[in-house]
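Below you will find one chain, with nothing else, as structure tokens; this is the form predicted alone, and questions on how it binds or moves follow later.
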């Protein structure tokens, strides 16, 4: 039985400065730092466990540049 996503994350990767605040604060370990760099030259945050997102909003609150959006998944 697969776990259905209730929440979807969207990250503006190109403007992420890789501060890792969202990674540190995520209780579900949904995010990780990429090995790649964006147009600004920073390693950006990427989504690695989307299915574990519980929509708590901690990542959104901690992002100093408001680069994370959380959506309710539709059926």
Partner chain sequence: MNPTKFVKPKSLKDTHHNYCPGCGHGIIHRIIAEVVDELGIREKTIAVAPVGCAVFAYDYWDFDVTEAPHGRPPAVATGIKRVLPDRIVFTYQGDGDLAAIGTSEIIHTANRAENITVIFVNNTVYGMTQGQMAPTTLIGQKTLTTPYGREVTRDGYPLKVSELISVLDGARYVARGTVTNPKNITITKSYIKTAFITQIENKGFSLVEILSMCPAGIHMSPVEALNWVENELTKCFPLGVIKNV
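Numbering follows the first chain given and starts at 1. Since the structure is predicted, the reported quantities are computational estimates derived from the model, not experimental observations.
Absent from the display: the form predicted in complex with the partner chain. The rest refers to it.
Undergrad: Find out whether any non-hydrogen atom of residue 42 is located within 4.5 angstroms of the partner chain in the predicted complex, and reply yes or no.
TA: Contact with the partner chain, yes.
Undergrad: Tell me, yes or no, whether residue 52 is in contact with the partner chain in the predicted complex, where a contact means a heavy atom of each within 4.5 Å.
TA: Flag for residue 52 set to no.
Undergrad: Would residue 11 count as touching the partner chain in the predicted complex under a 4.5 Å heavy atom rule?
TA: Looking in the predicted complex, residue contacts with the partner chain do not include residue 11, since no heavy atom lies within 4.5 Å.
Undergrad: Sequence order please: the residues of 10-27 with a heavy atom within 4.5 Å of the partner chain in the predicted complex.
TA: 15, 17, 19, 20, 21, 24, 25, in sequence order.
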